[in-house]
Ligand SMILES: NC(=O)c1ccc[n+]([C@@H]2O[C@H](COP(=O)([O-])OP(=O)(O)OC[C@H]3O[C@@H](n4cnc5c(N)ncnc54)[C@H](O)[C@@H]3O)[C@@H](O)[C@H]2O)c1
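As a starting point, one isolated chain is supplied in structure tokens, in the form predicted on its own.
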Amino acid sequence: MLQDKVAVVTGAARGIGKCIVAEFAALGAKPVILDFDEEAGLAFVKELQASGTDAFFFKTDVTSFTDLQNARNAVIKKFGAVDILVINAGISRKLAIGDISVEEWNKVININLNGSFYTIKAFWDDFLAKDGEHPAKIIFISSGSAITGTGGGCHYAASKAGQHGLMRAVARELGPHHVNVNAVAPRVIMTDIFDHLYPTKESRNDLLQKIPIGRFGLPEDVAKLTAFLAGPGSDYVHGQIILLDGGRTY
């Protein structure tokens, strides 16, 4: 489905981003891992290459526009184009408003929201150049917290709500250039962040009662939906925020 598509994924050395890259690789893509964790990123690329995938890693701090420009240049030098961009890098800490310092607020906004804009900005001209023969996809990995205000604290919810506004603005501008732009908004996905937010058996049991389908989400659930949005089957899906929550929210 994604044969030979060049797919750039930020924050892809571990967690949901890593699972997205693995799904893309299984579908024939050439994945590019952008992450600050060089050791984990290089190890993952080595693993992918051993299985025959043409993968590439570039150490990138998404709070640095210069880093992202350099990453973009490296991708174009290696592959000549970018077909899919997944904006996944982000952090979360569950804190009450009174416990969030100005420094903590700025850190989360800088990584989650500013990093999203810097990523779009760095690759912008490549997507403006798309045409009917070379369409492209941009997918934001946001969060249901943007809708509910719950989960990782108000700084996290605000950063993800900002992503939704950014996504829809980008969708308006890039739609005429044959680029589909959408967001996946997961809730209750079992990652390291989940372990931090719900550390006890009691907290998890209480949460499970709120999910109609009766299970927590997996990184693979996010990866499969992202792969659909990256593929040709979603060509008429545009500017949408897709909740991925097992029915918990609505």
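Note that residue numbering follows the sequence shown and begins at 1. Model, not experiment: these values are computed from the prediction.
Below, we refer to the form predicted in complex with the ligand, which is not included among the displayed structures.
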Is I91 close enough to touch the ligand in the predicted complex, meaning at least one heavy atom pair within 4.5 Å? yes
Heavy atoms within 4.5 Å of the ligand in the predicted complex: does F36 have any? yes
Though only this chain appears here, would V188 touch the ligand in the predicted complex if you measure heavy atom gaps against 4.5 Å? yes
Is the gap between G231 and the ligand in the predicted complex 4.5 Å or less for some heavy atom pair? no
Do all of R14, T60 and I193 end up near the ligand in the predicted complex, with near meaning a heavy atom within 4.5 Å? yes
Note: the ligand not shown here; in the predicted complex, the stretch from 128 to 136, 141 to 149, 167 to 175, 96 to 104 having heavy atoms within 4.5 Å of it is 141 to 149
One residue of I111, V179, A122, V82 in contact with the ligand, assessed in the predicted complex (non-hydrogen atom, 4.5 angstroms): I111
